[in-house]
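Shown here is one chain on its own, the form predicted alone, set out as structure tokens.
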């Protein structure tokens, strides 16, 4: 079980670096609050449309804010890894008598922690704004777990870009390619209200299925027929992205 202990200590080091930099935490709080106020106020009246699934637009918006926070921070794990590479710390870890995969696993755990903190911030703001989670306290816990797993899976894309390009600039600017994954979704309107090519793009976007599962926990409750598609997609994303990141990591450290 030494790999678990090694992963824990490297993760603890990464966590200390993250929490000692307020700029890593404060923006997620401010941005989440801004999105609730901006979009919640601008689109509040759409809940009066026939067939709209929620009576409160902030309830409909909650899952989107969690997902966008995770998607837009997808490159963070890659940037952190490249920072360690450029500082020489990564090479020291490779020379240490530890399992090399503990380095990768600690990065994934750190990504999950970032996603969890961001999700907690969103949930707290949502509760303060009067959002009622139809799945209850257990649903909130499951929502946070889904956000954490999604954060770990999505961070693999940042690691893949980092290992492939070995460029901090390319990895840092890779957030641009993440934009379609959050905006080609049912983020602001139910999928049933969408039309044309946009609806096709939303249907093909795996992130939308994850978003919808999170939204179900907020506005519907334990509707397994609506929950399961997103859970299966998230499981598939986790397996595929983690396998790709692991393969590239193995090649980069061979």
Partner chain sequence: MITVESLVKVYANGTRAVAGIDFAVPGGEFFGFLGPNGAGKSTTLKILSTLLRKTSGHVVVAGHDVDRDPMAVRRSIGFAMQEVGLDDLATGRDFLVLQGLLYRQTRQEARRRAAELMELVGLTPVAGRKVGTYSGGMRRRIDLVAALMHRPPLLFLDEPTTGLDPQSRLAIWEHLEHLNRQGTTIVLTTQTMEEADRLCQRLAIIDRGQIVAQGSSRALKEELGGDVITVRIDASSPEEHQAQTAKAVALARERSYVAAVSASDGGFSISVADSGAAVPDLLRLLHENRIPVKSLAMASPTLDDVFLKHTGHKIRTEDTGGDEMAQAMRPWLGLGKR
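In this text, all values refer to a predicted model and were calculated from it rather than measured experimentally. Positions refer to the first chain, counted from 1.
Same protein, other form: the form predicted together with the partner chain, not shown, and the subject of what follows.
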Find the only residue in 85, 168, 129, 144 having a heavy atom within 4.5 Å of the partner chain in the predicted bound form.
85
I need to confirm a contact call. Of 138, 96, 177, 124, which residue comes within 4.5 Å of the partner chain in the predicted bound form, counting heavy atoms only?
96
Looking at 68-76, 104-112, 86-94, 145-153, which stretch has residues with any non-hydrogen atom within 4.5 Å of the partner chain in the predicted bound form?
86-94
If you check in the predicted bound form, is residue 235 within 4.5 Å of the partner chain, heavy atoms only?
no
Do residue 163 and the partner chain share at least one heavy atom pair within 4.5 Å in the predicted bound form?
yes
Spell out, yes or no, whether the shortest heavy atom distance between residue 10 and the partner chain in the predicted bound form is within 4.5 Å.
yes
Is there any non-hydrogen atom of residue 231 lying within 4.5 Å of the partner chain in the predicted bound form?
no
Verify the flagged residues 6, 20 and 252 against the partner chain in the predicted bound form: is each one within 4.5 Å by a non-hydrogen atom?
yes
